[in-house]
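One chain follows as structure tokens, the form predicted alone.
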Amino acid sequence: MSRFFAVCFCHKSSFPAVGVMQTWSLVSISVLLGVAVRWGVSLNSYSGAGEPPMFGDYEAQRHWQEVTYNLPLQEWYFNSTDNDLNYWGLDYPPLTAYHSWLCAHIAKIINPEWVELHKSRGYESPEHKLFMRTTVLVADVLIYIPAVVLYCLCLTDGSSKKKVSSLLCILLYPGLILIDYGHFQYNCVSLGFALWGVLALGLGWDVFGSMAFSLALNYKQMELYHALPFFCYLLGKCVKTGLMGRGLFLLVRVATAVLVTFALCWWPFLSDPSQASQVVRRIFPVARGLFEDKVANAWCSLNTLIKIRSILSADSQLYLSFAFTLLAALPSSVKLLTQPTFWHFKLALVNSSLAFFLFSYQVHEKSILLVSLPVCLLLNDLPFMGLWFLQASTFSMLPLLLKDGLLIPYAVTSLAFLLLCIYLLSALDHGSEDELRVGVYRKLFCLPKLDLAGWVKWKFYISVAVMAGLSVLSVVSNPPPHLPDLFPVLVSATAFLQFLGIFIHFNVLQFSKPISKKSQKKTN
């Protein structure tokens, strides 16, 4: 442990001894502010509030507590008279089920009615809402927030002030707060485990990082969005070290750590092959279709012009999405495999997760949070592009947030985040051609005299204006009767175009030289 803090506080002499206490004071204030904003958002409505018979994600999480508490483990994933899988059946990996089971035992102590079998269906009360919101905050404080703090202190460059500024901006990212504390989910757990994995790999603790990411996968299967970069980085590191020596030893240790972690998570289901296969079927429900609602990915956007789901069979849709996802994620993964540096690892996390979001099967609008995490990790290095993407990611979930009655939290947190990044990270000042890494486009498209940096900035200003305009129109205007989904479609299409452009740009970054530290030092 002493070695860990030595790494964090002595790394590149970022923290002189005299400034350690001041730094921790600023860190504490940032964390408290992050917690306060989270709790403020939690006072608002949630998914499906007062909307029977299915309610929403809030009821889904409560129902999983009911099921895991009252039924034996062998029945958690099977349809029965006591477990109707058509009513929010458990469809996440075992670690989520264990978490629900733990929360259920606490709920039973406070008020048995909250988890009473059958009779608690659709249960809503101020006391229960307080309990559910608290479970999210506790998970956040225990898993996600410490990982953010340590990442910013240990693995970001710059002065202590810049590190704390990055910390505050990441903690106040609106997308995650609005979904976990407004809509209601536990994304902070899976993203927190994934971030612990990134942190460990950045510090050279590959075995611990592998275990942490395995926990993330066993909490939410959508963490597969990040799996290729973890795999390629570790394998590339083993190959680079030498597969006939230390590299082989590292490969064996990492593989053993992953297998042991998975075995422990799945152990209760491994005694019966039908149990394990049923869990797999539940967590990969291919029968649900190519996409749901108006998600800002390629298939939903293309479907407005060409009705893909009507033209292609379900199997064809699955194969098509798999092929496009693999092709989109492959270039950055191969680059990382051949050049396994931590910088390329972070870029590959963005590119892989964005490839999955744009092209994979059964994507939800909330899945953009899986892309937002690695982008948050690059805020210190690429504040302008990071801010652009994170604003667009929150905007892409606007229809869902409006449905949940979260207009005011959305508007306040989005505006506050924009102003904080501009002020604390000087995001708009990091817009030179060198910092944006847009010089390569000049060579590709023969644009010797065009002010590329200025052009990119103007695109950002226009996109912010369009997102603000659509946000207002979605609230104050009624769509034409023959186009009831006009505004959700416009929101998803606008966000998709931005995501596609950023995906291309980050792939270009992946194949470019790392950012020079000279330009960063000027702003520290």
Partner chain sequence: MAAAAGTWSWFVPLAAGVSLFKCLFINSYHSTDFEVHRNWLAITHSLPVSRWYHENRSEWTLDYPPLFAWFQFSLSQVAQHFDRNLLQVQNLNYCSRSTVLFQRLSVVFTDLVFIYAVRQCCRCVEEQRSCRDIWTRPSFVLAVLLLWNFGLFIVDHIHFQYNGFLFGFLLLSVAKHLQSCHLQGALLFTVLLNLKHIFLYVAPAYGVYLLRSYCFTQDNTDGSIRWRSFSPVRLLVLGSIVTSVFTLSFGPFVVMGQLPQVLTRLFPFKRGLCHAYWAPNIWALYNILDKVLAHLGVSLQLLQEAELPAASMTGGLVQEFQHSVLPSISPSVTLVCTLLSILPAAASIWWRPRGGRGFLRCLLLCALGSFMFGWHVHEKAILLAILPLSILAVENREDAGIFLLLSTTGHYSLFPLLFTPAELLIKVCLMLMFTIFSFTALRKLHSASLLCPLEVVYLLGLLVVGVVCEVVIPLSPWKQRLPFLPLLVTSVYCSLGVSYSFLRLYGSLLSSQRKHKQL
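Residue numbers count along the first chain shown, from 1. Worth saying up front: this structure is predicted, and the values here are computed from it rather than measured.
Here the subject shifts to the form predicted together with its partner chain, a form of this protein not shown in this document.
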- prompt: For the chain seen here without its partner, which of 47-55, 471-479, 486-494, 22-30 has a heavy atom within 4.5 Å of its partner chain in the predicted complex?
  reply: 22-30
Candidate spot 342, 504 and 508, all three touching its partner chain in the predicted complex (heavy atom, 4.5 Å): no
- prompt: With its partner chain left out of view, which of 412, 227, 110, 280 would have a heavy atom within 4.5 Å of it in the predicted complex?
  reply: 412
query: Which listed residue (305, 311, 408, 270) meets the criterion of a heavy atom within 4.5 Å of its partner chain in the predicted complex?
result: 408
message: Residue-level contact is defined here as any heavy atom of the residue lying within 4.5 Å of its partner chain in the predicted complex; does residue 252 satisfy this criterion?
response: no
field: its partner chain contact at residue 322 in the predicted complex, heavy atom, 4.5 Å
entry: no
message: I'd like to know if residue 60 sits close to its partner chain in the predicted complex, meaning any non-hydrogen atom pair within 4.5 angstroms.
response: no
query: Would residue 423 show up as a contact with its partner chain in the predicted complex if we use heavy atoms at 4.5 Å?
result: yes
